[in-house]
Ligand SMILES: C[S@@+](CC[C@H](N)C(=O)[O-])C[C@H]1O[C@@H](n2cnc3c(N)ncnc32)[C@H](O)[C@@H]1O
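Only one chain comes next, encoded as structure tokens, the form predicted alone.
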């Protein structure tokens, strides 16, 4: 096979860029854990000596770290002063933990994927699944930290208002079930916004439920939240005004069975809100940077989780709206519409 040398070198250049991105994960983890990003978040220029003094770290290591960050475009470098600084945008993404644009939580997902290589390697060979609970523990924390900023930006200002009549019910005092709640980020946000309503968080992963209870208590909403260990096909309660599934339906082995159970627990005029990764029904339209993230995560996390459960449908993180609509309709829902969307998520509203 004849190789075009120009195309080969261009492809090698892409691979070098991707290798640099992968190798930047380690320094990013260090930067978060040692508080290096936070110490630069005010935008003031710092030398390696300045930053080392601020963070009680070693100057020589910090200089190498700063250069790696500048080469990645995560901080700026001034050769005239040999100082480094963060722009406001860099600080929002890397230095403002708890903010709506904080990105470093996503890095924990990548770390978890690498740590679980042996399990996923065996799954590829055997076709067996790897349960959510079988993953490295940093996956659970990383998932919450990855999705929470998006929920902070969109859930209360766009997604709930887009659901017909739901916001008014929650403001007046209703009940909602947040299924697959994980560490409770979405549940707590809703409880803070709607103090007259009660929010029930359900997840089959007991350690995550403990984290959710602690998060609700810390946020001062423990009196209007209840967290229980329960699977999506058998969570308790009925007459809910709202049931939410945040980025989890595609992880379920039997999403149609889950949909049937949701149908049985909603009030007559209740709404099921399904938040799923943004994806086209056509594979070729998902071959972009967002699809790259979701397909990669799905290979290691979402598809193995589904295949570890009964039925094992394996929708995957890029299922697309048509496949999701079929699952929802097969669960008994007559009315489904796309209520909202972002570059990362689609929000479907289902009614009985």
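Numbering follows the first chain given and starts at 1. Model, not experiment: these values are computed from the prediction.
The form predicted in complex with this ligand exists for this protein as well; it is not shown, and the discussion that follows is about that form.
*Asks:* I need the one stretch from 243 to 251, 264 to 272, 87 to 95, 114 to 122 whose residues put non-hydrogen atoms within 4.5 angstroms of this ligand in the model of the complex.
*Replies:* That would be stretch 243 to 251.
*Asks:* Give me the residue from 174, 231, 149, 105 that has a heavy atom within 4.5 Å of this ligand in the model of the complex.
*Replies:* Comparing distances to this ligand in the model of the complex, the residue within 4.5 Å is 231.
*Asks:* Tell me, which of 135, 205, 211, 224 has a heavy atom within 4.5 angstroms of this ligand in the model of the complex?
*Replies:* Among 135, 205, 211, 224, a heavy atom within 4.5 Å of this ligand in the model of the complex occurs only for 205.
*Asks:* Determine whether any heavy atom of residue 309 comes within 4.5 Å of a heavy atom of this ligand in the model of the complex, and answer yes or no.
*Replies:* It does: once this ligand is placed as it appears in the model of the complex, residue 309 has a heavy atom within 4.5 Å of it.
*Asks:* Indicate whether residue 216 is a 4.5 Å heavy atom neighbour of this ligand in the model of the complex.
*Replies:* Contact with this ligand, no.
*Asks:* Contact with this ligand in the model of the complex for residue 181, defined as at least one heavy atom pair within 4.5 Å: yes or no?
*Replies:* Flag for residue 181 set to yes.
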